[in-house]
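Okay, so here's just one chain, in structure tokens, the form predicted alone.
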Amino acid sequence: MAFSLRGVRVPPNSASVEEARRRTLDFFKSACRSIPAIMETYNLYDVVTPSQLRSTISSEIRKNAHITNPKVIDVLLFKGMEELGNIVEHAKQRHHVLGQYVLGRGGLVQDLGPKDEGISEFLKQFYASNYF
């Protein structure tokens, strides 16, 4: 699968925003086609579904939807293709993929509750004063 992405290249400059948009859609299609290989390589079936990975890729692309400069879009496409190439060629480890694309920027959800319910007043004051 890694060899199929080598033919996908970003030309130095897009002539217009429409051309950059078309290249972005082509990149999204190639990223979605590589999801099964990524799931197999990193053994992600127990953690995430392919549709969740597809929506993560879509949200990463839509995060930059407000950009209208074709040169900036080309640079972002180049970065995305490099990232996809690194993931497909197994240049990243499993915990990198999990941390960046499965858990996301928010981190673990289990850390949302209060942690100091059974702690004494002394420890609460100690943690408040010395915990950085």
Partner chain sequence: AILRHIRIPVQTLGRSRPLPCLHPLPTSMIRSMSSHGDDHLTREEVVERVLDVVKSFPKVDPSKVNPDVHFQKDLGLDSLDTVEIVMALEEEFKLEIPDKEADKIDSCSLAIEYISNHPMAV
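Being a predicted model, the structure only gives us computed values, none of them experimental. Positions refer to the first chain, counted from 1.
From this point on, the text means the form predicted in complex with the partner chain, which you will not see here.
- With the partner omitted from this view, the residue of 64, 58, 69, 86 that lies near the partner chain in the model of the complex is 58 [heavy atom within 4.5 Å].
- Only one of 96, 79, 90, 29 lies close to the partner chain in the model of the complex, with a heavy atom inside 4.5 Å, and it is 29.
- In the model of the complex, none of the heavy atoms of residue 124 sits within 4.5 Å of a heavy atom of the partner chain.
- When contacts are judged by a 4.5 Å heavy atom cut-off, residue 17 does not count as touching the partner chain in the model of the complex.
- At a distance threshold of 4.5 angstroms between non-hydrogen atoms, residue 25 is in contact with the partner chain in the model of the complex.
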